[in-house]
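Next up: the same protein chain in two forms, each one alone, written as C-alpha cells (structure 1, then structure 2).
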Structure 1
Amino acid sequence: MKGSKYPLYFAFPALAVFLLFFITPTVIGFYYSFTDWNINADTISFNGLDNYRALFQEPRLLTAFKNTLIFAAAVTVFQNVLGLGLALILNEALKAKNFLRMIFFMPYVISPIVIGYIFRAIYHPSNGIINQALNSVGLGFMAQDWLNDPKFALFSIIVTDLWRVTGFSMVVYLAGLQFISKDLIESSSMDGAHYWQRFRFIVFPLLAASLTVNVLLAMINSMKIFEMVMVLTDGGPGYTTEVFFTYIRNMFSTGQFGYATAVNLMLFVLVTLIGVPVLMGLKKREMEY
C-alpha cells in the first residue's frame, strides 16, 4: 500500500484521548441506561428496560422531545434563510461590507450564557427594550411577557438563538459565494436572466457545499441547545420550553443517574436518526448538481 510507511503512532495521542474521554463514557453510558444507578443506591444493578419504559410514559420527556424538534427545525430553517440573505447582500459591492460582516459575526463569539442573561433583560415584561419600544410607537397591544407566556416562550428562545448564530451561516455562505466565478454571473445576466432566475438556477445550486455544512451544523447544534434555555426560562413556564439537556440536567440534579443517561441516549438516537439521512441526502444532492 502506498502510504503504509507513514508511522501509525502519529494518530495515537488523538485516538487515546478520544477513545478514553469520549467513546468510553458513551459506551458505558449505554450500559448505565439499563441500570437503576441513582444517588441513594450503594450498588448499581441492572434493571433491564425499566428506564425506557418509564421514559416513554413520561409526558415531560415527550414535551422535551417535541420542543427540541420545533426549536431545531425553526433555527435550522431561519438561520439558513437569513444567513444566505445576509451573505447575498454583503457579497455586493457595498462600501462597508467588511465592517458589516464583522458586526454580524460578533454575537457568535459571545458565551450563550451571557447572551441568555442579556436577552432576559431585553424581554423583561415592563422594562425590557422590546416592550418599551412597542409602547413608544403605539403598538403597546403587541407587548407580551415574552418569556413567561407559554405561547411565546419557545419563540423568544428561537429568536435569541437566531440573533447569535445567523452570522455564522452568513460567513459560510459568503465562503461559498467566493467560489462562484464572476464570468458565469456576467454571462448569465448578458443572456437576460433576472436576479431571481440567476439565483435559482446558478447561484443557489453552486452553494450546495455551503448548504450542507450550514444545515448540518445548525441541526446538530440546535438539538444540543442547553445554556440559553436554562438561563432564559429553565424549561418553563411549566415545561413549555423543556429541551433534552434541561431535562437531563434536572434528572441529574435529582440524582436519577441511570435514567438521565437513558434520556441522553434518546437524544443520541434522535440526533443520529435525523442527522445521518439529512447528511446523506445533502451529499447526494451536491453530486447531482
Structure 2
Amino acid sequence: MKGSKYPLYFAFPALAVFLLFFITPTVIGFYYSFTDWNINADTISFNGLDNYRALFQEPRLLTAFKNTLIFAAAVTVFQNVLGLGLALILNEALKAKNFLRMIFFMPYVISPIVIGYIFRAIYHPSNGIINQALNSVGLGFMAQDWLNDPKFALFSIIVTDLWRVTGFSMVVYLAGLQFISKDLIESSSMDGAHYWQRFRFIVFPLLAASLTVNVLLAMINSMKIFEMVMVLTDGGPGYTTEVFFTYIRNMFSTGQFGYATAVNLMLFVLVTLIGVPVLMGLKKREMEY
C-alpha cells in the first residue's frame, strides 16, 4: 500500500488464522442453528426458525437471561469502581505500593476453576471461614448457606468474581494514570483545586480511554461467565444462578446441538447489541491533551 509503513501482506497470516478459527466456525454454527441436529437424529435437516421460536418460549432460558444481565451489570459497575479506587490509592507514593499491586492483581492470573473450588470451601455453611468468623465474633445469626440459599447464591458468585477480576481493572487504570502529566496536576493544585476537584475535572476525564477498555472488557467477559458458576453452584439451587453458558452447556450435554447453537448465537447477538452502543458512547467522551 502506497504511503504505509509496512506492506499489507504482513497482515495476511493473522487474517488467515482469524478466518480459519473465528469466522469459519461462526458461519458453520449459524447454519446448524437452523437445523434439528441432535444426538438421536440419523440425519440433519433444516428446520427453519423452530430453534429460535423454542428458545423464546423457554422459561428457564429467560431466567438465565435475567441472571446473566444482573451478573454483568453488577460486576461491570463494581469492578470499575473498586479497580479505579485501588488504582488511585496505589498511584500515591506508598512504600509498599508495588507489593500491594502484585497482591491485588494476583487473583486475576489464577484459574477461575481453582478460585471457584477455594471459595466453595470459604462459603461452606459449617466449616467455611466466613461463617466461622461470624460465629467467633458473636454474629452467628448472620451466618448463611451462601451457595445453597437462593437469596444469596448469585450474590456470592458476584463477590467471588469481583475478587478475581478487580485487579485487572486496577492495572488498566494505573496505566492510564501514568500518562497524566504531573505538571498538570501540580499546576491545578497551585491554583487551589483540592483532591476531589482535580479528580473530577482533570484525572477522570483523562482516564476516559482506560474506562472504555475496562467497561467493555468487564461487560463482555461477565456476560460469558461460565467456569465460576459451574464450580460454585452449577446453576443451582434450582435454576436461580443459571446463566447463558451453563444453560448452553446443559443443552449440549443432552444432545440438543442445533438448539444449543441457536442459544449461543443469541448470546452473540445480545453481546453485540449491548457492546456496540456502550463502545460508541464511551468513545465519544475520550479526549487527548
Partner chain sequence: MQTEKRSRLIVLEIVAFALAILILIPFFMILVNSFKDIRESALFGLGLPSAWKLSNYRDVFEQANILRGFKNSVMISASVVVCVNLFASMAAFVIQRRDDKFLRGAFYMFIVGLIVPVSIVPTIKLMSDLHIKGTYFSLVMYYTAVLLPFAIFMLVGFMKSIPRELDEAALMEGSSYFRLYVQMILPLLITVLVTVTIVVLVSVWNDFFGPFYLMTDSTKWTLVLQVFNFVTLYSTNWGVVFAFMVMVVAPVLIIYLFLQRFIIDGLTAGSLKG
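By rigid core we mean the largest C-alpha set that fits within 1.5 Å across both forms. Numbers follow structure 1, counted from its first residue as 1. If you're wondering where the values come from, they're calculated on a predicted model, not measured in any experiment.
- Annotation: structure 2 represents the form predicted on its own, while structure 1 represents the other form.
- For I274, a C-alpha deviation below 2 angstroms is recorded between the two structures after rigid-core alignment.
- Relative to the superposed core, P13 has its Cα moved 2.8 Å between the two structures.
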